[in-house]
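Here you get one chain, nothing else, as structure tokens; it is the form predicted on its own.
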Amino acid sequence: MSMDTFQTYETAWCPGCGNFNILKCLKISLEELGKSPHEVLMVGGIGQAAKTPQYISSNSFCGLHGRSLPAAAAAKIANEKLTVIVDTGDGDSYGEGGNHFIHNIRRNVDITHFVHDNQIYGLTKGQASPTTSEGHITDVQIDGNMNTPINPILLAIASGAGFVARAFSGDTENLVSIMKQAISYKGYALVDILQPCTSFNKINTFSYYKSRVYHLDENYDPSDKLSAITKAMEFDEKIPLGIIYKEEKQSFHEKNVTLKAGVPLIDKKYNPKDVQKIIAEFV
């Protein structure tokens, strides 16, 4: 195999899972952008979606539940040359990782965040996730989910994210296009990817999404924040796909005095004795 080509490997996902096409589209997107495996860091937490870094040939880091964003941000801060991509699920990103989700938006570290949103906890056998619809009955929520689902698109825009998009795992062409734009964006980019969970979510199926999703037309202006907020709240009977909001913002590197000098942290010389002295202050 070529060292410049991304390879994908056998997975542990259930037949019919939306993760398969998301992985395929990720591979296509990276290759069409001219990336090589050694230039890319894939980061995951815990969950079926978070296994993605294990199934594609690149640098990878798999961390704790909900803790993928801190690791991804740290890697990018240390080595700006890396293309850093986070692949996690709705539970991992918006539940356990909800605090990191909000505060990485504020920092605007240049990383791409693909959330495989199947509106359920798939790895841990089907309990309600932060995006599960109210009233949805599961083996755990036997009387129906009582919690109001969060709207990650609306939350991201309100929190100040500069690139917020929604895609569908069953729409390859659109998903590849959005992935490429998100990876190319200078700053934090969120793509919420709707996908079916064939094992544990019998409501939000492939046909459920297929009958509701539609593409934003060419007249839609993603720089209009009020329009983006309106589109973000549109979800039940009709679900818009595309770049919901986009704004050019200074990234973390561009605002940080040390980092904007252009010398990556990994290339800066340091004396180990100085590091030990700093550590000793905390003992």
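Bear in mind that the values here come from a model prediction, so they are computed numbers and not experimental data. Start at 1 with the first residue shown and count on from there.
The same protein has a further form, the form predicted in complex with a small molecule, not shown here; the description that follows concerns it.
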query	finding
Of 42, 244, 30, 46, the one that lies within 4.5 Å of the small molecule in the model of the complex (heavy atoms)	46
Contact residue in the model of the complex, from 101, 121, 163, 168 (heavy atom within 4.5 Å of the small molecule)	121
Heavy atom contact within 4.5 Å of the small molecule in the model of the complex, the stretch among 88-96, 181-189, 75-83, 155-163	88-96
The small molecule contact at residue 65 in the model of the complex, heavy atom, 4.5 Å	yes
